[in-house]
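In the block that follows, a single chain appears as structure tokens, in the form predicted alone.
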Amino acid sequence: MSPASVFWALLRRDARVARRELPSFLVRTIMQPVLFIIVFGYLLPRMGFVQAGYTSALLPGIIAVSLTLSSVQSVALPMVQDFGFTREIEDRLLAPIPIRLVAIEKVVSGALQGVLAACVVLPIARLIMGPIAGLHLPNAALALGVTLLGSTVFASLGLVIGTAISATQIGLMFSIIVAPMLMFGCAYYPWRGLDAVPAFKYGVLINPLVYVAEAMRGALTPSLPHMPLWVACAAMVAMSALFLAIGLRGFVRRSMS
């Protein structure tokens, strides 16, 4: 069997498992974004606490959050379990392909699940929020490319997390890593809005979610202020390569231990 055939077989297996667990997958990945949509995109504008145009800046950020949660969790949580006491990862390591390809397959699977989550959240957000000023749907192909690139970033980050922490520390992942990343990732406010706080404006640039959210704004609402699209995409490519290199090294180390 060629490595490509084995890789495709592993990917199909993960797709079959994800299809069987689709309801729990959707609840796990879109519940928080949908709650934010209801509160900040529907209730607060109608109550007059935020301007109606806020939804234009919020929509791309909500999509970025949905793909972030889906991609990270789809890779990190199963990998923590696989490397746990039962060592279920050994079943995959017996596949006749290089060890690194096993890890890359998990990243590809997680990225595809991130794209799926984003595609589900977009119509839900549009339905709840109503008309979105400045929404440019003809850029759907560009938005899909940004979604795939952003999902790859966080699937690679999920590989880093999944190989770096143990099952007993999984709660720390959300408290120390995911929660601050969501709050300071420019998902609920545009990066250009931080001009009033320069220390935060440049400090948040270490957060990969900033580039995903800003690239999504450049694709979906290009008339609003946003980070240059090419800068955001270049940063996502660089972070994907960095996270993947670190994650592959950790995966090989954990597999051989």
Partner chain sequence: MSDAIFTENLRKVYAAPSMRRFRGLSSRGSGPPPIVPFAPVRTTDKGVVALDTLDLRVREGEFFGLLGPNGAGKTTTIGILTTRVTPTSGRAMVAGLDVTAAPDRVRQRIGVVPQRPNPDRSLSTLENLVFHAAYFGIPLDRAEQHAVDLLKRLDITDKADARVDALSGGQQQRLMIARALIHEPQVIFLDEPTVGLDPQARHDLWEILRDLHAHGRTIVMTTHYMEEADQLCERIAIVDRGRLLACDTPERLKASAPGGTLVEVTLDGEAEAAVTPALAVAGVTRAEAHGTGLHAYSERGGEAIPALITAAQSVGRVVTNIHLTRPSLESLFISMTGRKLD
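Since we're looking at a predicted model, the values are computed, not measured. Positions refer to the first chain, counted from 1.
Keep in mind the form predicted in complex with its partner chain is missing from the figure; the text below concerns it.
The single option of M183, L172, A140, I99 touching its partner chain in the predicted complex, heavy atom within 4.5 Å: It is I99 that has a heavy atom within 4.5 Å of the partner.
Residue stretch of 123-131, 146-154, 183-191, 91-99 approaching its partner chain in the predicted complex, non-hydrogen atom distance within 4.5 Å: Residues of 91-99 come within 4.5 Å of the partner.
Close approach of V237 to its partner chain in the predicted complex, 4.5 Å, heavy atom: Because no heavy atom of V237 falls inside 4.5 Å of its partner chain in the predicted complex, the answer is no.
Its partner chain contact in the predicted complex: Q113, any heavy atom under 4.5 Å: No - in the predicted complex, heavy atoms of Q113 and its partner chain never come within 4.5 Å of each other.
A9 within 4.5 Å of its partner chain in the predicted complex, heavy atoms: So A9 counts as contacting its partner chain.
Touches its partner chain in the predicted complex: S109 (any heavy atom, 4.5 Å): No, S109 is distant from the partner.
Contacts with its partner chain in the predicted complex, stretch 6-21 (heavy atom within 4.5 Å): Counting only heavy atoms within 4.5 Å of its partner chain in the predicted complex, the contacting residues of 6-21 are V6, A9, L10, R12, R13, R16, V17, R20, E21.
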